[in-house]
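Presented below, as structure tokens, is a lone chain in the form predicted alone.
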């Protein structure tokens, strides 16, 4: 994983420091004992966020169904560093469980890029049904050669564009706009295909960049648009619904291999069972954000013809869907009834 993430000496030292601290947690908890085991989990989101609460729920289910043999200790709010840090720590066994967005895994495993494709999913129900099926399992299974076991998918919302200038109804309205994106080649290509200028930027810098006119817009889901107060600087929210890329809960393969076959099945099932709880929390959060934003004066518009946007994505898909396995999975997901 060092090669994939390009860790320098500072990064390696930070990794080793974190891992030493986690080892202490295990030794002072129930980890390693004959009667039980504490699974250590990380998430960059705060404790009240739906993904964090879902892993906490998984821990409760695991504790109950194992008759107290397993617990989960959650390190939320980025306590263990960036998602790049925690992915590597999970890979070599310093963490048991880790929740990350799918985008950082795109450079690690090309199959994860399928679920990141713009305009692949036609609705939230389409996305959920696809990822809950064997198609989702195919993506999760592709992580194993990288030292990771994919357990389940969590929602990351429906992403749409917002900006400081006015409503977006066609790609022509985006021409020349500077749009912030995640640090992802795929999403940079998406913005360029729509005629705008992509500006990769850390999430924490977006509000100031919008306020100062460094960028003209960005893209995100309803709750993030609300909680960051980006709507104050960029009040025009256009429902492009261009990406529904999920989050992934994964486990260290080295830790997984130390479990019995029955305990592996238990961990996998409790992870799957936490998904419904996560989605309930997420859906409530989305509805609250929507109503609050509308009361706060955000200027929200539906886009009448999303095909004007999606038809520009075919060259982007062709650029990143290279393998026969990727292409076959995309065709299957597109053909799904939902």
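Owing to the predicted nature of the structure, the values given are computational and were not obtained by experimental measurement. Positions refer to the first chain, counted from 1. Between two forms, the rigid core is the largest collection of C-alphas that superpose within 1.5 Å.
There is another form of this protein, the form predicted together with a small molecule, and it is not shown here; the text below is about that form.
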Candidate site 156, 224 and 247: all three near the small molecule in the predicted bound form by heavy atom within 4.5 Å: yes
Selected contact from 173, 83, 263, 71, since only one has a non-hydrogen atom within 4.5 angstroms of the small molecule in the predicted bound form: 83
Contact assignment for the small molecule in the predicted bound form, among 163, 220, 116, 91, heavy atom within 4.5 Å: 220
Close approach of residue 147 to the small molecule in the predicted bound form, 4.5 Å, heavy atom: no
is_contact(residue 242, the small molecule) in the predicted bound form, heavy atom dist at most 4.5 Å: no
Residue 101: touches the small molecule in the predicted bound form, heavy atom cutoff 4.5 angstroms: yes
Contact flag, residue 45 vs the small molecule in the predicted bound form, heavy atom cut 4.5 Å: yes
Contact segment among 178 to 186, 232 to 240, 163 to 171, 130 to 138, judged by heavy atoms lying within 4.5 Å of the small molecule in the predicted bound form: 178 to 186
Flag for residue 206, CA shift 2 Å or larger between the shown form and the other one after aligning core: yes
Core fit, then residue 183 C-alpha moves 2 Å or more between the shown form and the other one: yes
Post core alignment: residue 153 C-alpha displaced by 2 Å or more between the shown form and the other one: no
